[in-house]
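Here are two versions of the same chain, shown separately as structure tokens and labelled structure 1 and structure 2.
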Structure 1
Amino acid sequence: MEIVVLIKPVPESETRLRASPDGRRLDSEGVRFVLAGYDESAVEQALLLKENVPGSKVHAISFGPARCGEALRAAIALGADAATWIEAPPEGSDDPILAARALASALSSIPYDLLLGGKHAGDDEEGIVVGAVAELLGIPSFGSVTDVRPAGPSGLAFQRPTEAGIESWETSLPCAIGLQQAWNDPRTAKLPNILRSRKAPIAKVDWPTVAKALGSESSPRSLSEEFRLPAPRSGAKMIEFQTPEEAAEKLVRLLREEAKVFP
């Protein structure tokens, strides 16, 4: 099985973020970027399938600026067999449709049976790239998927949690899956593999090549107008109480008199 994992680097969760000087995007200076959480689960799921289906290979692909290299090397350190960086335009782009077009274009020359990606990235949470790539390639796609397992000679079985309960699905290949959770938690890369990943080759498709392949569709459909951090939170107010009833009474009074939540 040829498994392609679509990954995206996102700011580390504890990173202090700030807007760029023009106020339109995140200032990436000094920000540490890591593999997106759901993408990390997608890599884990790909490796589990590789271990259970003899002859399988895992190819990690990312569209974006140069920082994609670190996320791709992280995937190699975990066990991916190959990696490809698809360069974004020099001015950058936050447009998910352009990302999907660039990825789909690159996949025209890369073998795949299964496309895996996180159900959404931890920065914008748009969650449309995997489905958009599948639409452009003309293959079925499924989102918010868990527990992907081989089914028969050329199929997959998986589950989808919904408000009504757990759905069980089977599908044939090729297909695309936006993953919510793998069989188990993502593994941790071992130091020797991390060191080897630093020297591993990463194929690159530069932006001029991407733009030529996309033609008139190389322009983004959406542009970021403003990047604004949420207002600082005020400090929490602790309630001292002896009994649960006293705590409830004090809380209701504070919500009514100070927070003005209740009439």
Structure 2
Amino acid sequence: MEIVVLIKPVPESETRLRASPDGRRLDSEGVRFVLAGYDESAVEQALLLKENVPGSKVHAISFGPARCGEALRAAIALGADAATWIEAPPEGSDDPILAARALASALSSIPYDLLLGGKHAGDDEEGIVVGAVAELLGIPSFGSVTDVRPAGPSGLAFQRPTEAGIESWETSLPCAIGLQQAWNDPRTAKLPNILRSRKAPIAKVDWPTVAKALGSESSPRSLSEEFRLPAPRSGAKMIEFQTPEEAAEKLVRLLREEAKVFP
């Protein structure tokens, strides 16, 4: 099975967020970027399938600025066989539809049976790219998937928790999946593999090539205008009380009359 994993570097979760000087986006100065959390699960799922289906290959691809290289090397250190960086326009772009078009265009020369991505990235949380790539390629797609397993000679079975319950699906290939959870926690890379990944080749598709392929579709249609941190919450209004009953009565009154969260 040819498995392509779509990955995105995101700021590590402990990053102290602040706006860039122009106020339009996150200030990435000094921020450490890592593989997005659900993308780690997608890589894990890809490796599990590779281990279970003989002859499989895992190819990690990423659209974005130069820091994609680090995320791709992380995927190689975990066990991906190949990596491709698709360069974003020099002014940057965080339009998920443009990302999907660039990825789909690169996939015209990369073999795939299964596309895996995280259900969404931990930074913008759009969750748009996997479905949009699938639509561009004309293949089925499923988001928020758990537990992908081989089924029959050339199919997959998986689960999908939704508001209504847990759905069980079977699908033929090719298809695209936005992963919530693999059947294992993501593995950690071994040191020798990390060292080896530093020298691994990463194929690059430069932006002019992408832009030419996309033609009139190469301009972003979703632009970040403002990145704002919430006003620091002033801290909780503390409820003074003598007995638990008094605490309960005061809290319920505040919730009804001030916060108006229930009648």
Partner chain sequence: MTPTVLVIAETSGAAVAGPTQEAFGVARSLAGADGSVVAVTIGGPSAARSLALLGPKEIWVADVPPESITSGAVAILAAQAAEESRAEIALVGGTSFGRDLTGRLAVRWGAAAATGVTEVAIVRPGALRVRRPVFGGRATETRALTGPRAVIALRPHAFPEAPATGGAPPIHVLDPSLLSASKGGARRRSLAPAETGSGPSLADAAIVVAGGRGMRAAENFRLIEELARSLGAAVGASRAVTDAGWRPSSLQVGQTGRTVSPQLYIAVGISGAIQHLVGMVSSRTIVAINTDPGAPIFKVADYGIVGDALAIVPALTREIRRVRGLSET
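Structure 1's sequence is the ruler for residue numbers, which start at 1. Note that the rigid core is defined as the largest set of C-alphas that superpose within 1.5 Å between two forms. Values in this document were obtained by computation on a predicted structure and should not be read as measured data.
Matching each structure to its source, the form predicted alone turns out to be structure 1.
After superposing the rigid core, the Cα of Q242 is displaced by 2 Å or more between structures 1 and 2.
Rotation of the smaller rigid part against the larger between structures 1 and 2, from C-alpha superpositions: 36 degrees.
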